[in-house]
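Quick setup: one chain, the form predicted alone, written in C-alpha cells, and binding and motion questions come after.
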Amino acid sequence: MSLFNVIGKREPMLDALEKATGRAKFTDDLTFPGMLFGKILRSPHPHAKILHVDLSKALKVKGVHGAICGRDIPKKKYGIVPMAKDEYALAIDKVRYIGDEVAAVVATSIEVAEEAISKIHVDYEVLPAVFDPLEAMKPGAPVIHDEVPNNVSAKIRKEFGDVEKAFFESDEIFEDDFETQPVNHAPLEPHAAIGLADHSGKVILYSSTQIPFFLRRNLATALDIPESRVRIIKPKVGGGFGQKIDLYAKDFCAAFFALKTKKPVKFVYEREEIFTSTRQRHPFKIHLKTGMKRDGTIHVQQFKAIADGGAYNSTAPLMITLACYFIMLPYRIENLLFEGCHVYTNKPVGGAMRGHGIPQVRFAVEAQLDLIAEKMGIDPFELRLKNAFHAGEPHPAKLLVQSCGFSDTLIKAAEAIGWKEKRGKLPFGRGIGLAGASFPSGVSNMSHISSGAVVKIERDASITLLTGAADIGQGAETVISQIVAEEMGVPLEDIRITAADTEITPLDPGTFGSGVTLRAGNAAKMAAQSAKEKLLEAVAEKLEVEIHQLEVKDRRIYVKDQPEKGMSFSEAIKVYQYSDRPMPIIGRGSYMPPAKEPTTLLKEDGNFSPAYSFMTQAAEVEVDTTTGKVKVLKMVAAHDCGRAINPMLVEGQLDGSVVGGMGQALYEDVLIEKGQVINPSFLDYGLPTAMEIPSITSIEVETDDPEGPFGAKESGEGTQLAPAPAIINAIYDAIGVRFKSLPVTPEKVLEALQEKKGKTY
C-alpha cells in the first residue's frame, strides 16, 4: 500500500490538454494592440572592428519606428555568471563571430523591418580570426577580448590525492585522446521576446526564458536601470535545454525599443539565428590518462580538457568546474588531476546544455573504461560495479552523497539489456554496451540560489500556489503542485498554480542544474506546511486535541486514532474563519541548498549540491557494414531519482535523454567552416526523428534522499550523460572498432571497417 495519495502517481501535466489542442500560448503567440516587430543585423565577419554604422537610410523606410546600434545603448557588460561578464547587447567596438549582433530596427511589420535592416551600412576593418582553440592559445594568436591576451577566459586545475605517486603505484596505465563536437539544443519553439512599457517607466518583458529572475537582473544591467523597473513574465516555453538561460539581443532590444517607442515590441529569432547566434554545447578536446590496479580498481586519473567556448563566456567558469568534479562520480577515484580551460575562438558561443560540460567528459571516461576492461580481461559491467561509489563514503572533493543507487542502476540496466546473454555473443554487426554517470540535484553557484513559494488556502477550499519556478516543458508546475497537494491532503485538481512572473511570484533561480524539483519543491512543501499548520491550530482547538494528533488526508482533517472524529477541509476553513483568524490562510516557504558555491570550488573543495542522482544506460545496436549506418535497437535507462514524484514525467525525461544522447553519438554536429555555420536548419542538421527512436525501457531506482521533497532527486539533465558512451561502447561490441570522436557517422564507420579489414591481411 502506498504511503502517499498524490506523490508517485502518473499524473498528466497540468497543461497537457491546452498544449495538445493548440490553445497554449507561447511568446510568439501573444499579440498586443499597435505592436511593432523587430529584426537584428548580424555580422558577416568572424572578427572585425566596427568603424561606423550608418542607420540613416533604414530610418527613412516607411513604417520604421526606430533603429539602433552599439553606440546608442548603455555601455554595460552582462553575463549569466557574474565573474565572467563579457557581452554587450549589441556589439560596440568589434564583432567576434559571424552572427554577432550589430544593429536592430523596429517597424510596423517584419517585412518592413527586414527591408530596413538591408539598408544599414556598416564599415568594418576585418581582423585576423582564429577558429581552433589550440591555435587560439598560442603566442601571437588573434586576441578576441583585449583583457584576455591568451584567449583562455576560464580555467581550473584541481588535484586530489597524490597523482604522481599513484601513477607510480599503478599496475597498468592507459592514455587516450577524445574529441566531442558542437551540438545545438534545437528547441522547437524559437527564441522570442515582447517588450511593453507602462506609464511609470517600467518595462514588462514576455520572454521564452528558463530563468526569469536572472533575466531580470541581466536585463536591468544591460539597460542600466534598477531591477525594480523590470518585470519578466514567462509564458509557455517549448523547450530550452540550457539554451534559454542567457540574455540575448532579442530581450534587450524588445525592452529598449518598448521604453523608447512606448509601444509593444516583438522580436522572434529565425531558425538560422538560433543555430548561429544563441548557444551550443561546447566542443571538447580531451586527454585522459588512467592508472589501474591489477584487481580492477581505478587508482588514479589525469585529465586535460580544452573547451572551445566560441566568442563569449556564457557559463564558462561553472561549465569547466562541473566537468572536473563529475569525473569523481559515480566511481571512486581517490587520486585525480584535472586541468581544464575555456578558450575563446571566433565561432558561435558555447553555453549550458543538458548536462553542462559533463556529457563530454563522461564520454571519454566511459569509453576508456571499456577499453581498459578489454585489455585487462575484466567484464566492463564488473569493472564498473567494483568501482561504484556508495552513499556515505568519504569523497575526495568533500561532496556529501547521502543517497546513491548507482550499483542498483548498473545491475538493473545490465539485466534489462541482457548483458550476460548478449555481451560479446551476438552476430557480427550486433552489440550491446553500457555507461554510468552522476549529476547534481541543483548546483549552488550564485548567492541568491534559494527558491521561495507562497501557498494560500482560499475560502472555497481551493489552494493557490505561487512559485518562481520556470516550467519549460518538463512538467515542473505539475510536480510542484503534486508536492503541495500531498502536503495539504487534497487531490491535485484542488491546486491552482501561478509561476514565473517576477512581479508576483517569489524569487527562484529558474530551470538549470536539474534543481527545480528539489529547490522549488522543498520551498513549496514548506509553504504548504506553514499554511496547513495555521489551519490545524484552529481545528485542534475545536476538536480539543493537540496538533500532532491530527491527520490531513482525502480533503479531511481528523484525529489519527479516531478517523470518525474530524471534519471536511471546507468545514475546517469555516472553523478557522469563525475563530476570527485572518483570511486568507497564507503560508510561506524558502529553501536554500546546504551547499558551497561552485565558484569557490575553483579555489577550495566542498559540497555544492544538496543531493546527487545516479544512472546507468545500456544500448543494443545494429551496424550495417555495407552502408556504415548505426541503428539503435534498444535503450535501457536506469535512473536513481530518489523518490519519483511523478513516474510518468520521469520516464518522459529518460526517453528524451535517450533521443538526445543518440543525437550526440550518431547524428548531430554543428558544421563550421572559417567561422560560418554551414548547416543552420533542421533540413541539414542531423536530428534523430521518430523513425530512429528505439525501444526504450525506463527503470526508476528509488533511494528516498533525505534532502529532497518526499525523497525526490533530479531526473532531468543527468539522464543525458550516459546514452552516447553506451551507444559507442555497443558499437565496439558489434564491429570491434573503438571510436574516440563524436559523432560516429556512417562515413567514419565505413572508413574504420576498411582500416580494420586492411590490418587483418
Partner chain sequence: MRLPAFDYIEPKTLKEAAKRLASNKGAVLLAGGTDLLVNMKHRVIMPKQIIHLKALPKLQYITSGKEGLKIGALTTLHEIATSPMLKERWNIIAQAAQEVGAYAHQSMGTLGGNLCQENRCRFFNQSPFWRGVRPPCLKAGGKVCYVVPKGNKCYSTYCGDMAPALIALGAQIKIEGMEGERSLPLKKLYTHNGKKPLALKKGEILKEVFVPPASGKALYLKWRVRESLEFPIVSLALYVEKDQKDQIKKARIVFSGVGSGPVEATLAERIWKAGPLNEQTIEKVAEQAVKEISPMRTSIHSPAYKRKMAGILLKEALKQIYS
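Positions refer to the first chain, counted from 1. Not measured: the values here are computed from a predicted model.
Below, we refer to the form predicted in complex with the partner chain, which is not included among the displayed structures.
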Q. Hey, of 732 to 740, 702 to 710, 54 to 62, 38 to 46, which bit sits against the partner chain in the predicted bound form at 4.5 Å between non-hydrogen atoms?
A. 38 to 46
(Q) Against the partner chain in the predicted bound form, would D29 count as a contact residue? Criterion: heavy atoms within 4.5 Å. (A) no
**Q.** Distance check, F682 to the partner chain in the predicted bound form, heavy atom within 4.5 Å
**A.** yes
Q.
in the predicted bound form, is there a heavy atom of the partner chain that lies within 4.5 Å of any heavy atom of E272, even though the partner is absent here?
A. yes
Q | Interface membership of V490, the partner chain in the predicted bound form, 4.5 Å heavy atom rule | A | no
Q.
So the partner chain isn't shown here. In the predicted bound form, which residue out of I547, M583, L134, L687 has a non-hydrogen atom within 4.5 Å of it?
A. L687
Q. S579, Q402, S568, T627: which sits within 4.5 Å of the partner chain in the predicted bound form by any heavy atom?
A. T627
Q) Quick one: which residues from 659 to 678 get a non-hydrogen atom within 4.5 Å of the partner chain in the predicted bound form? A) Y667, L671, E673, Q676, V677, I678
